[in-house]
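Here you get one chain, nothing else, as structure tokens; it is the form predicted alone.
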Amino acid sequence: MTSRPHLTDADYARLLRLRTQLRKFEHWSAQQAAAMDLTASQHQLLLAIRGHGGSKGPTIGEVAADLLVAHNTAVGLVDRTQELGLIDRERDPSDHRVVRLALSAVGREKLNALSAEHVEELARLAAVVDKLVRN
């Protein structure tokens, strides 16, 4: 068993402030998504699709892994988000058994608007986190 450093009252206070700031960001993010008529999960799904590396869109399994949810949970989220016209399912051209996800034009517009705001907010959060880590 490895020895862990002794944590001070100040360490616990910093951890609390850090977790509070992260929760505030998540709450703020959910509010921004709601203002665009999206749930926080739908926003995360759009981001997972757009942020997926490579030239092909992600599969539902890959999105489930990014969102830390079970495959069947991701399927339901994809179904509901597709019904809103925000994403499309496309057959992989090289393997027709594989279904890939892509943003629709409307989904892309909503994600672009949300992402610009989030980048600005993350810059503010980074400064707060940096200060908490250094003190």
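Residue numbers run from 1 along the displayed sequence. As the structure is a prediction and not an experimental result, all values here were calculated from the model.
One more form of this protein should be noted, the form predicted in complex with another copy of the chain, which is absent from this view; the next part is about it.
K.L.:
Looking at the partner-bound form in the model of the complex, is Ala102 within 4.5 Å of another copy of the chain by any heavy atom?
P.N.:
Outside the cut-off, so no.
K.L.:
Determine whether any heavy atom of Gly51 comes within 4.5 Å of a heavy atom of another copy of the chain in the model of the complex, and answer yes or no.
P.N.:
Close contact exists here: in the model of the complex, Gly51 approaches another copy of the chain to within 4.5 Å, heavy atoms only.
K.L.:
Is Val78 part of the interface with another copy of the chain in the model of the complex - any heavy atom within 4.5 Å?
P.N.:
Contact with another copy of the chain, no.
K.L.:
Any chance Thr59 has a heavy atom within 4.5 Å of another copy of the chain in the model of the complex?
P.N.:
Thr59: no contact with another copy of the chain in the model of the complex.
K.L.:
Please determine whether each residue of Ala35, Leu84 and Asp88 possesses a non-hydrogen atom within 4.5 angstroms of another copy of the chain in the model of the complex.
P.N.:
Spot residues vs another copy of the chain: no contact at all.
K.L.:
Scan 22 to 51 and write down, in order along the chain, each residue with a heavy atom lying within 4.5 Å of another copy of the chain in the model of the complex.
P.N.:
Residues within 4.5 Å: Leu22, Arg23, Lys24, Phe25, Glu26, His27, Ser29, His43, Gln44, Leu47, Ala48, Arg50, Gly51.
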